[in-house]
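Consider the single chain below, provided in structure tokens and representing the form predicted alone.
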């Protein structure tokens, strides 16, 4: 197919919608505010996108199996509280980090086991976990933020290499590992097969139940990693869930071209989608647009991206 023919093909634009949207946003915001592409603002955007990238990667594994994890933000909050309480109890930074990832991973595994073995819709199970994890975080923290002051966390949140902060580099490493796992391993092949044709996958000897449990465990564990970065960034473990992380993690995956019906996945797409959403909010803030309008803009972009997925092959 010639270049001209590909440019006229709606499927081409559906596949590259996130990248095209990101480039368009950069051009528009830079024209309206020259500080948008300043080194300082780029570094700020990359750091701001780090947690969303990690959550979007976890959400990608789940959605590629035709599922959805509505509890990812609440599980991250629970992991942050577990991290904060264990750290203030004198566990030390390393054990506290391990507990955060383990606690969130266990919550994800519980989601997966109930969905796989109980055969209950993922929407219902993860919605229940959303409420349970939020409630548990509030109970453990007594509804109060757990302040954490640690020099290592401070360096993690403020240091970096050039315009690339350490948190963004961690998110980038997670994305690279996820890409290899999804497209270069037997696990990734089985995962996509489970999402695309579960009956056929089971007939081929693939344990679709184990795959389901694994992807929700991965989503939970990555939420735990996100919790550590969030605590490092904020300086406290907040027991109140931030639902914007949930909505934006799903939005980044949709923008990235991952099929909501399963069987089709990509890691690069959701990463670009996360960067697009972060750039959108950052650009609107620089232009002085009221914060109330920002969720509206994000919603419009996501709906347009969802419409574009109709043309995917």
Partner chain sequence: MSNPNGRDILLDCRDVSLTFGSVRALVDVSLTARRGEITALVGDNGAGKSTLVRCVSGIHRPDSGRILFDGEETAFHSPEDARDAGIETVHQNLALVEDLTVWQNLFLNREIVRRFGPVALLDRRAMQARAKRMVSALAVNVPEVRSRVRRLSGGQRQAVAICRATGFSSKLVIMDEPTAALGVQETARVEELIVRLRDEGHAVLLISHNFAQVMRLSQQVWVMRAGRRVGGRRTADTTGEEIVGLITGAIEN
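Residue numbers count along the first chain shown, from 1. The model shown is predicted, which means the values in this text are computed figures rather than measured ones.
Not pictured, yet referred to below: the form predicted together with the partner chain.
- Message: Based on heavy atom distances of 4.5 Å or less, which listed stretch (29-37, 255-263, 52-60, 241-249) is in contact with the partner chain in the predicted bound form?
- Response: This holds for exactly one stretch, 255-263.
- Task: Select from the listed residues 82, 193, 225, 125 the one whose heavy atoms reach within 4.5 Å of the partner chain in the predicted bound form.
- Result: The option sitting close enough to the partner is 193.
- Message: Can you work out which of 203, 89, 139, 173 has a heavy atom no more than 4.5 Å from the partner chain in the predicted bound form?
- Response: It is 203.
- Message: Although the partner isn't part of this model, could you tell me whether residue 183 comes within 4.5 Å of the partner chain in the predicted bound form, counting any heavy atom of the residue?
- Response: Taking the distances in the predicted bound form, the answer for residue 183 is yes, it comes within 4.5 Å of the partner chain.
- With the cut-off set at 4.5 Å between non-hydrogen atoms, does residue 208 touch the partner chain in the predicted bound form? No, residue 208 stays farther than 4.5 Å from the partner chain in the predicted bound form.
- Mark residue 163 yes when one of its heavy atoms lies within 4.5 Å of a heavy atom of the partner chain in the predicted bound form, and no otherwise. Residue 163 lies outside the contact set for the partner chain.
- Query: Is residue 234 close enough to touch the partner chain in the predicted bound form, meaning at least one heavy atom pair within 4.5 Å?
  - Reply: Close contact is absent here: in the predicted bound form, residue 234 is far from the partner chain, nothing within 4.5 Å, heavy atoms only.
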